[in-house]
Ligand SMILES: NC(=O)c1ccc[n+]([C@@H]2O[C@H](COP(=O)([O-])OP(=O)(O)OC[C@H]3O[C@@H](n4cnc5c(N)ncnc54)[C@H](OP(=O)(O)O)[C@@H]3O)[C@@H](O)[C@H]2O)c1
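Encoded as structure tokens, the following chain is the form predicted on its own, with no partner shown.
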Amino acid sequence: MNVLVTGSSRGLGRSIIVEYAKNGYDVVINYNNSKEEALELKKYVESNYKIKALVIKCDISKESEIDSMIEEIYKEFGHLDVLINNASIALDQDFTLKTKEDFMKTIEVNLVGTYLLSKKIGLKMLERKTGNIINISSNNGLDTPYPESIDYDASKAGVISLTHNLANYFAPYIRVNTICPGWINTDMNKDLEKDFIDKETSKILLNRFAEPEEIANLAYFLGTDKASYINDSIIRIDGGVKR
């Protein structure tokens, strides 16, 4: 069994790789800029678990690089059992200063990249009549808007819509689900101002941000037969939010 996790050299993606590796999956670690972290993760999982890790650089906003990555994966592993579309960017800034270029870059990575990977790998999974696609969206795509994140929010809402269409197209052979996390303790959020963190934490019933491993546990579960009847689902995992 094997899994590709995009954007997996650090943060949530790294935790998902570790969770699958500890359960015996061969893993594909994808990165765009964080080469050292990706190689460190490969060394970690291969030395701690009896699995093989493949490291591939790929900017998922570029179709040619996606094609090259898929070719390398299938040459090495022959097939993919699980695709986890985790890679994304956030270019947050004041709404009045956000440019079309900012907006389009976010959409290209977070939504178009997810679409291309899901289509190209999903069609290969369809040939084998088995596979799992798990998308990482966000509560921002559901009902937690931030005007400074308008492009990010739109991209994550698009991923949710994409999930419904993919699940219908690939039925009944490939399950397609989306995870919508709330706040997570990752590098992306470590530089947030304390007052903002305190404000956001006060909205969470569990009174804390999630640890990446808690989201990774769900991402692993959805990729296994234990979740065999969960399909076309949008799963919120945010510690509960005060309404």
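Residue indices: 1-based, along the sequence shown. No experiment lies behind these values; they were computed from the predicted model shown.
Separately, the form predicted in complex with the ligand exists; it is not shown, and the next lines address it.
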Query raised in the report: Even though the ligand is not shown here, does it sit in the predicted complex so that Ser9, Ser88 and Met188 each have a heavy atom within 4.5 Å?
Result: yes
Query raised in the report: From the list Glu214, Glu40, Asp59, Glu46, which entry has a heavy atom within 4.5 Å of the ligand in the predicted complex?
Result: Asp59
Report task. Just one of 119-127, 163-171, 134-142, 75-83 has residues with a heavy atom within 4.5 Å of the ligand in the predicted complex, so point it out. Result -> 134-142
**Report entry** Contact of Val109 with the ligand in the predicted complex (heavy atom, 4.5 Å)
**Finding:** yes
Query - Close approach of Asn30 to the ligand in the predicted complex, 4.5 Å, heavy atom - result: yes
Report task. Verify the contact flag for Ile184: yes if a non-hydrogen atom of it lies within 4.5 Å of a non-hydrogen atom of the ligand in the predicted complex, no if not. Result -> yes
Report summary line: Those residues of 140-179 with a non-hydrogen atom no more than 4.5 Å from the ligand in the predicted complex are Tyr152, Lys156
